[in-house]
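Take a look at this single chain, the form predicted alone, given in structure tokens.
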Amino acid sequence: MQQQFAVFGNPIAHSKSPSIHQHFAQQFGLEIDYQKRLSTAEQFATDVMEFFSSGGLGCNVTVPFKEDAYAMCQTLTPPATRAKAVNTLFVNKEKQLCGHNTDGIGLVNDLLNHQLDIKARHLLVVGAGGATRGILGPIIEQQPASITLANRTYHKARNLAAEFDDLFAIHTSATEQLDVAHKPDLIINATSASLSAEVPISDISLLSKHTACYDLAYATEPTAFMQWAHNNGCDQTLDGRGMLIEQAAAAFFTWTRLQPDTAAINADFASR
């Protein structure tokens, strides 16, 4: 019998998660049925519970339901507790709905795959929404030299940074009047600007040949943020496809206790 998995989101038609998880399952000879599930804010909780009550083993959660998933859970892993957002759901032996967040470890693993060790490096993270919530904890664990968190609405950056005060002193700024503590070695776009072909920052003085720019979004072509960085002298620009694969691998392990090899699928995605 096929094991049942799913990803919930809105929109969801574009999701590559089913093909990624099928690839992982094939590595271990597992037969799975991984489906895309379109939901709404009103129906999300009901849809998730119906999925598990009908035999589902695990599901992913994407935009815009990660904070809704967090609110539903009876048990949370430390990364989910810190992020206050959940992208991976499962039911434990006590029949409790459990939430985990694999976004941050997915990003860190993809950075390391590209030889971007962020220890002792200066980082600029643009955006203070749910995506940033998921990545800050694992980024801090890598011991960067500094983190500047910038957001169009400044108080959101300040409030989010305050939630991590016990771990790291994050410098904050408004994107309109960008003030960085140090010239960044790595700039991470964690906004949704790329979905509308916009660039969230415009200060080219932040960039140099040695600056790496990473967009959590991905598309068939380089995102607007990647194009802006490349056109202004930045040699290394990456999108979120590798992060998608790595966070999926961490979710797959959470459900099955099997650790998939991501190298082949990363190479396949890179060639597209």
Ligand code: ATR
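The first residue of the shown sequence is 1; numbering continues from there. Computed from a predicted model, the values in this text were never measured in an experiment.
Form predicted in complex with the named molecule: not shown, discussed below.
Quiz prompt | Listed residue that, although the named molecule is not shown, lies within 4.5 Å of it in the predicted bound form (heavy atoms), from 138, 184, 99, 127 | solution = It is 127.
Practice problem: Could you work out which of 143, 153, 159, 74 is the residue within 4.5 angstroms of the named molecule in the predicted bound form, going by heavy atoms? | Solution: When the named molecule is considered in the predicted bound form, the option within 4.5 Å is 153.
Exercise. Go through 76 to 84, 106 to 114, 91 to 99, 187 to 195 and give me the stretch that gets within 4.5 Å of the named molecule in the predicted bound form, heavy atoms only.
Key: Contact criterion met by 187 to 195 only.
Quiz item: Is there a heavy atom of residue 147 lying 4.5 Å or less from a heavy atom of the named molecule in the predicted bound form?
Solution: It does not: once the named molecule is placed as it appears in the predicted bound form, residue 147 has no heavy atom within 4.5 Å of it.
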